[in-house]
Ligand SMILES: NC(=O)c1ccc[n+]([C@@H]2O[C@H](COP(=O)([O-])OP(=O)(O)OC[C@H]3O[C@@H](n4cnc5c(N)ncnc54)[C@H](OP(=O)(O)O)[C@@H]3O)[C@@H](O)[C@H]2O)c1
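Below sits a lone chain in structure tokens, taken as the form predicted alone.
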């Protein structure tokens, strides 16, 4: 029997989101799979024809979210889990200051998440149950020199989720922040980083932790490392090449 019966995954066309949708469907969960790329969603639907409900939608089309959310929830047959996995991280050179790239990250990583998760938070606050999951990142734990706005976007997402957790915990709603390290996805294809996680591994972790409210590092090693990094004084941290 599926742990979850009715779910929405935003950002389901690739990477972590796609694997979450696949693993949920494989468990018998009916999944509303949301993404811009319809052909990718069609592939998912073909793999799980009775369980994947494709929804072509741009997460930055904020005004349409309330109707899309309501319609999709109806098509899925209810909702006990939503996962916001949509995110962008364009390559930003260390001496580059591109408002266009920065805005794209805020639009998708922060505002898109708020637009979708606010809808689920309101629904769950009335039903008194449900799990709301945001895919954050260890990148949001400090403002590192190489990706200022990506770091900031994930930090904003973490704080938003913490506030939702504080607001909804008393109503029986689970709010979960997942903090993976670098993952092998299309978004990170241009990066040369050793030890990247596999999206299948992260997806399985997300589903396992989706009903355990709180913040969760995917790697125990990262939990230790970033506990140290968060406490490095700023005057030292700014001299480190990390």
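Note that this is a predicted model, so its numbers are computed, not measured. Positions refer to the first chain, counted from 1.
The form predicted in complex with the named molecule exists for this protein as well; it is not shown, and the discussion that follows is about that form.
Scanning 35, 53, 176, 207 against the named molecule in the predicted complex with a 4.5 Å heavy atom cut-off leaves one residue, 35. Checked against the named molecule in the predicted complex, the candidates 185, 201, 27, 211 yield a single residue with a heavy atom inside 4.5 Å, and that residue is 185. Heavy atoms within 4.5 Å of the named molecule in the predicted complex are found in exactly one of 148-156, 71-79, 168-176, 123-131, that being 148-156. Taking non-hydrogen atoms only, residue 119 never approaches the named molecule to within 4.5 angstroms in the predicted complex.
Though the partner is left out of this view, residue 21 does not reach within 4.5 Å of the named molecule in the predicted complex, counting heavy atoms only. When the named molecule is considered in the predicted complex, residue 219 lies well away from it, no heavy atom lying within 4.5 Å.
Contact check for residue 88: a non-hydrogen atom falls within 4.5 Å of the named molecule in the predicted complex. For the three residues 105, 143 and 229, a heavy atom within 4.5 Å of the named molecule turns up in the predicted complex in no case. Contacts with the named molecule in the predicted complex, taken as any heavy atom within 4.5 Å, map within 130-163 to 135, 136, 137, 150, 154.
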